[in-house]
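Next up is one chain by itself, shown in structure tokens, the form predicted alone.
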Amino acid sequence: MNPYLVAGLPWYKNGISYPTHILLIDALIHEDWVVAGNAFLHLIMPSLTLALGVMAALVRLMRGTMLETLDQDFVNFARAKGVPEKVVINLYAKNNALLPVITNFGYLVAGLLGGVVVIEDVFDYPGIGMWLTDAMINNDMGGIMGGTLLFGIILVVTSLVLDIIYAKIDPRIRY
């Protein structure tokens, strides 16, 4: 972050923003629109860097599973009955093609969390990844365990949400 942008603000002391310690949210809370805009602009490149890799994998997987689903018997049967192609794709094929994509999204979130550590170090952005890296460098066992616990909680919650979405998309799945 640009130290000249946040210098002299009463809610930014010793390199830490208050009360949430997230510069963008703190700037919005304190209605400092210049700092909020700059903090948002500083989030664009790291977010794009993380998201593009995940999006590329998901789009490629979705394309492959969609092509495979469109060749299934139930899709051909719906076409033979005279159902419009748009309805065939949106009603019959899309939900079945989404199942492997949703399954793999959970694994991609794990890679995304690992990428956060690297991306924040590359972009020199003070976030969870940089905090965890500093904890590892300084041999701070509490920080390492806290970061590992936080990443674990994020993975478990993501897995739970994906299971719920999976059950909503495919009514045959019941837990």
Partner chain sequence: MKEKMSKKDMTDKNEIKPDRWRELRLSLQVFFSNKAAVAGLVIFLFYFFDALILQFFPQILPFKHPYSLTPNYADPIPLPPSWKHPFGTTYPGVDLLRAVIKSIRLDFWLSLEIVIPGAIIGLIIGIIATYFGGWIDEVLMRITDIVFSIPYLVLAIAIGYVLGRTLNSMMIALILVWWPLYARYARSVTLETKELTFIEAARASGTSNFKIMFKHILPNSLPPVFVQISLDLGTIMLTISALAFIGFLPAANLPELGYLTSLGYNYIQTAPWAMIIPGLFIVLFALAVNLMGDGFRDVIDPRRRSEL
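Everything numeric here is computed off the predicted structure, so don't read it as measured data. Residue numbers count along the first chain shown, from 1.
What comes next is about the form predicted together with the partner chain, which does not appear here.
Student: Is it the case that Arg63, even though its partner is missing from this view, gets within 4.5 Å of the partner chain in the model of the complex, heavy atoms only?
Tutor: Outside the cut-off, so no.
Student: Check Ala39 for me: does it contact the partner chain in the model of the complex (non-hydrogen atoms, 4.5 angstroms)?
Tutor: No, no contact at 4.5 Å.
Student: Does at least one non-hydrogen atom of Leu132 fall within 4.5 angstroms of the partner chain in the model of the complex?
Tutor: Looking in the model of the complex, residue contacts with the partner chain include Leu132, since a heavy atom lies within 4.5 Å.
Student: Can you work out whether Trp33 and the partner chain are in contact in the model of the complex, taking contact to mean some heavy atom pair no more than 4.5 Å apart?
Tutor: No, Trp33 is distant from the partner.
Student: Quick one: of Leu58, Leu48, Ile29, Met141, which gets a non-hydrogen atom within 4.5 angstroms of the partner chain in the model of the complex?
Tutor: By the 4.5 Å criterion, the partner-contacting residue is Met141.
Student: Which of these residues, Leu67, Leu52, Ala110, Leu43, gets a heavy atom within 4.5 Å of the partner chain in the model of the complex?
Tutor: If I apply the 4.5 Å criterion carefully, the residue I get is Ala110.
Student: Enumerate the residues of 143-170 that have a non-hydrogen atom within 4.5 Å of the partner chain in the model of the complex, in sequence order, or give none.
Tutor: Read in sequence order, the residues that approach the partner chain (within 4.5 Å, in the model of the complex) are Ile144, Thr148, Phe151, Leu155.
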